[in-house]
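Below you'll find only one chain, the form predicted alone, shown as structure tokens.
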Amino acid sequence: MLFPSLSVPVPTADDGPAVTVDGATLRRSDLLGASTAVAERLLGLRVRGPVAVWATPSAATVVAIVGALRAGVPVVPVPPDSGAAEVAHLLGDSGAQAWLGAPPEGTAAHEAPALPTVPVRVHARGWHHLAEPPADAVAMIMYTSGTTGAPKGVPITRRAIGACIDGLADAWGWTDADTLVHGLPLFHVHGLVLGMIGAVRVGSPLVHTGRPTPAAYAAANGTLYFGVPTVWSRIAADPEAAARLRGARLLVSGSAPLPVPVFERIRELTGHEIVERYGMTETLITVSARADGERRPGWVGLPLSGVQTRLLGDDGAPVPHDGQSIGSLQIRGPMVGSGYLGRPEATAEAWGADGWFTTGDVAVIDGGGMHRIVGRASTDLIKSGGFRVGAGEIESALLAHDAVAEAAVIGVPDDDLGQRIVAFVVVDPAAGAAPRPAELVEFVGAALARHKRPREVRIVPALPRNAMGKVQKKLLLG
């Protein structure tokens, strides 16, 4: 059962807040009644195929998605900042039959192919018993970021969502006694699957802050906080807001690597060591540090319950788990998907016949099973002078310099070395005079092996990032 907390009528004494978003609070009875009304409407109209939801951070979005999932109708979350071409691709590729809730006038959705609209009324109430859809039914179709071509659809089953959330609840000690706080988008795994569906499944109240500002997080009085590294970096720069998170139980970071200096600054200001975790659209979350275990800066933790991981070398042979050797990371487990929608060739390339998924990331694993993600094999594994070097290790070394605010490291083709290590650095404006590139090269050399020093450091005003704050390294190569 995906939503056990919504499976029975709500006793008056247990009718507490379920979700607060966009200034509106839905109590448990509100969410039960409104989502039931949505499900009844979909079933009454015989809508069985996917429905698109304009995924703004709003009560209507929450009600729409929960209602569709309870009806067994797959959801296609559409980012509200999408352009017309992207909307048309998501609708056409997914086979969406209707909009669930009307996109606002003047948005790109109105330039895409027309679809009928099924209204969502937050104040409507339905109280019929709803049969639980099969566990292997598709719950949603989520799309990859499209960094290597058009975004690919990933069908995600109810069973996979349940396994992911339950694995995280075990790792984090997440219960209905928690209040979850975040301000993340409701169209990615982090904000939607973990941050919204997860809260409803676990039964913990959710406070969505709208924009994830330090002030909003400080005022929310939660016990469990989700954020991306950009959010934690901004909180680390606001000691007053950070201090108000001391009363929380757990702080979690994901969607991109958390810089070690940010981890350490948050620990200094809040007393908390941030939990890092690892996942992607195709796999949901598979690896995480535990609330009752070690939290090592720069490391994403241990496999969740039921998850297996392995590292392979270029020759397909296993790479030792010694905390140093880099290999291609493969994963299998109950939350891992089984393929891309309508993309048999891409599916065959990423999924093996034995269920192992090739993540495209390179990693190291130590003897205790702790994982550190080096980065994407295509941009973060640098083969220089016969050595295999992880860009993330060099970036962490650069970020330890007081004058460095951001850093991105890539390998540039080189006739002699194969690839030359080049670092792009954004200087902290509060640091005064910018450091000389040679100074930064020597700084890295003092911390890491000689062959890991950048051959070139370029000072830049900013790094190109996507909507989730991930650095787009392929743009640096140009």
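Under this definition, the rigid core comprises the largest set of C-alpha atoms superposing within 1.5 Å between the forms. Keep in mind it's a predicted model, so treat the numbers as computed, not measured. Quick note: we count residues from 1 along the sequence shown, nothing fancier.
This next part talks about the form predicted in complex with a small molecule, which is not shown.
Only one listed stretch (106 to 114, 307 to 315, 256 to 264, 195 to 203) carries heavy atoms within 4.5 Å of the small molecule in the predicted complex, and that stretch is 256 to 264. Of the residues given (Thr281, Thr179, Ser328, Thr209), Thr281 alone sits with a heavy atom within 4.5 Å of the small molecule in the predicted complex. This chain appears without its partner; in the predicted complex, the one residue of Ala241, Ala169, Ile373, Leu250 with a heavy atom within 4.5 Å of the small molecule is Ile373. Using a 4.5 Å cutoff between non-hydrogen atoms, Ser82 does not count as a contact of the small molecule in the predicted complex.
Among heavy atoms of Thr144, some come within 4.5 Å of the small molecule in the predicted complex. Proximity of Asp380 to the small molecule in the predicted complex falls outside the 4.5 Å heavy atom cutoff. At least one heavy atom of Val300 is located within 4.5 Å of the small molecule in the predicted complex. Comparing the forms between the shown form and the other one, the C-alpha position of Gly126 differs by less than 2 angstroms, with the core used for superposition.
Taking the rigid core as fixed, one finds a CA shift for Arg48 smaller than 2 Å between the shown form and the other one. An increase of at least 3 Å in the separation of the C-alpha atoms of Gly301 and Val389 is found in the predicted complex, compared with the displayed form. Relative to the displayed conformation, the Cα-Cα distance from Pro259 to Ile382 shrinks by 3 Å or more in the predicted complex.
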